[in-house]
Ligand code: GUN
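The data below hold one chain only, encoded as structure tokens and taken in the form predicted on its own.
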């Protein structure tokens, strides 16, 4: 049965929440209740606890019983490109060729408001079907692409982050703006959308190779004028890219310095990928509170490398997790967690299921400066909730039947799960 959360409702099932960081505290950082409940009132989580206790305390509240399914915070995809939905899983390119062969021709189409609107609607259909309740997306240089994304998100009541991509060089005709037009367009868009309902604007230079120093300076000035916005870009994804940056910015100490010189690092700065970092870059990211986002399916698909997630997290860098669609090869954060596990194994740093789930929820929320609102199944948080069927396919079910604890019950779904594992998704307490 579908009921509104405005007057309260109880969701029943297994529950999983975090009371600490599993990278430092281990699996005990999570609290699992075998027969639990979540009380949702006015779109927020009011309480999480044993089902019997909450049913007894709230006998008049409607209930939705999800049986043995697992309730947890909705997944947060901290680095995506919604305009690349149509070109996901395109064959055989590395980063720069990927942009020229696939990305730029597709992004040219987003000057058409109707095309952008259809793409945004399809993108949200796909992400919600995979249990993703928040994303941080790059749009295109066209304001129409931002309008489409935020309009669709607002209509669905979603908490979303996005911004107009800014590029004034090394991009084809029709996909370049200028330092001034990027500033003016971004300012107009953030004034219209930032902190409206559940929306956050992110100032968005694509990456240093496609922005002149003048444009990066304009974006830094805009961020300084609007510090409650986020700033998202790319950093140190592939070796060829890093060499190109050194040619374009001969006076920069390193890749990060191309942003640092223009006021584009610090709390609220989100650096996608960040695989091949120098020691100075890591130290400055720790010192300034700059976040990174790990994109494992993308890093494997276009041959970028293996991010040292445990090492960076251990140094004090805020690390989130993301699909990086469409360079990433899946819309699923379950698939993304599986890829993060694989890369951890290859690097010799195995990630526990608790750490993977933490990265896909609280880790990403922290990277996006939204951990006070989303990312955990806890009182006071917004009720964006995913319900996981831990036996969604015959292959998963037979492995789940042998589980000895909650982690061995969840891990097969992380490694083999897809949209069939998503039993339900709630947005602010309302079924999506």
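Just so we're clear, the structure is a prediction, and the values are computed from it rather than from any experiment. Positions refer to the first chain, counted from 1.
Omitted here: the form predicted together with this ligand. The next part is about that form.
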message: If the cut-off is 4.5 angstroms on heavy atoms, which of these, 298, 215, 204, 133, is the one near this ligand in the model of the complex?
response: 298
query: Which residue among 128, 275, 189, 99 has a heavy atom within 4.5 angstroms of this ligand in the model of the complex?
result: 99
task: Choose one stretch from 120 to 128, 177 to 185, 355 to 363, 298 to 306: the one whose residues place a heavy atom within 4.5 angstroms of this ligand in the model of the complex.
output: 298 to 306
Heavy atom of residue 77 within 4.5 Å of this ligand in the model of the complex: no
query: residue 81 near this ligand in the model of the complex, any heavy atom under 4.5 Å?
result: yes
task: Indicate whether this ligand has at least one heavy atom within 4.5 Å of a heavy atom of residue 164 in the model of the complex.
output: no
- prompt: Is residue 95 close enough to this ligand in the model of the complex to count, meaning some heavy atom within 4.5 Å?
  reply: yes
